[in-house]
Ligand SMILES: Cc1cc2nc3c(=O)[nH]c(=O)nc-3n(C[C@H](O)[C@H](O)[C@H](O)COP(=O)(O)O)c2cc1C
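The chain below stands alone and is given as structure tokens, in the form predicted alone.
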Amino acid sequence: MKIGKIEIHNPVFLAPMEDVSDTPFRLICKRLGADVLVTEFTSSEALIRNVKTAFHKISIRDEERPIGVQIFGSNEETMANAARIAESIRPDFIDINCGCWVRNLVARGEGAGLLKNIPKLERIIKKVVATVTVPVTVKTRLGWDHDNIVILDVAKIVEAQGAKALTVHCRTRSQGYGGNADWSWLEKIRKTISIPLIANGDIKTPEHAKILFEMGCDGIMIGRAAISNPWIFQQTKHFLSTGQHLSEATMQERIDLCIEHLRLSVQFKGKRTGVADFRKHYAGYLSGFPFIARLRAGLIALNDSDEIIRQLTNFKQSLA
């Protein structure tokens, strides 16, 4: 698969996930085999208004490369200006979000709301592509609902307006994350466009990745499955190259990675914010442990990272 200077065979992407795929989580996934990263989606309006938190979201480090910055919005001029700002931090590509299903975004015609206004979607892609020199990609869904599947028309527009790759979350906006992703559309999309096609939605195992590559996808993008299993990237790549499964992470390894991730969160965000933002990750790292509810509740109540690490270390030792 080739996008600009990115050229990787069967790449495995980390999906952009709001409040999840921040710098610490991206670094963890990169170390565990993710080939390409994408930032959290970022408001174009916030970028042009110089909102500090928006710039934090698109801050990238060289060790994260290749990495793309994802932006969203519903105004072509604003999106173009935001893309110009994003380009200044030297991402490897800029991704346009046409798939977020969250109600307040779509009510403003942003994210998947653009699937109800295809002419505007087309204008935004055209304007952003014309504004920046880095490759532009698009991430979208199958359509607004099952009665309005527009992905084949959208795919043609994406390619015609100069985007260099298309990622498809194989659900409709109305599904959100419910129901099952419908991968059957991927073969139809593959026959419609010549630019790289990246599959997203319900990719939970290395076997799923193999199926999608055999269907003709050029890349796969993993999101929620990585939250509880960041090792899925190296597991997937190992399986694709050897046909063999890597061993699942041990409980001790899960705790060690939890501690490493917490330390990165504190390093990048400071103790107070780093600890608070990390609380959502305990459920993922500690899932499957016996009698874990009480420990997890206790960790969530703590504000001191050193004490959290001490309790996690003691718990790991008790497992041995």
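Heads up: residue numbers just count along the shown sequence, starting at 1. Given the structure is predicted, the values throughout are model-derived calculations rather than measurements.
Absent from the display: the form predicted together with the named molecule. The rest refers to it.
Contact with the named molecule in the predicted bound form, defined as a heavy atom within 4.5 Å, is made by all three of 17, 20 and 202.
Among residues of the shown chain, residue 85 is not one whose heavy atoms approach the named molecule to within 4.5 Å in the predicted bound form. At a distance threshold of 4.5 angstroms between non-hydrogen atoms, residue 221 is in contact with the named molecule in the predicted bound form. In the predicted bound form, the named molecule sits beyond 4.5 Å of every heavy atom of residue 235. At least one heavy atom of residue 41 is located within 4.5 Å of the named molecule in the predicted bound form.
Out of the listed residues 97, 78, 137, 229, 97 is the one that sits within 4.5 Å of the named molecule in the predicted bound form by at least one heavy atom. Considering the named molecule in the predicted bound form, the lone stretch of 236-244, 169-177, 114-122, 210-218 in range is 169-177 [heavy atom distance within 4.5 Å]. For the partner-free chain shown, nothing in 290-320 comes within 4.5 angstroms of the named molecule in the predicted bound form, judged by any non-hydrogen atom.
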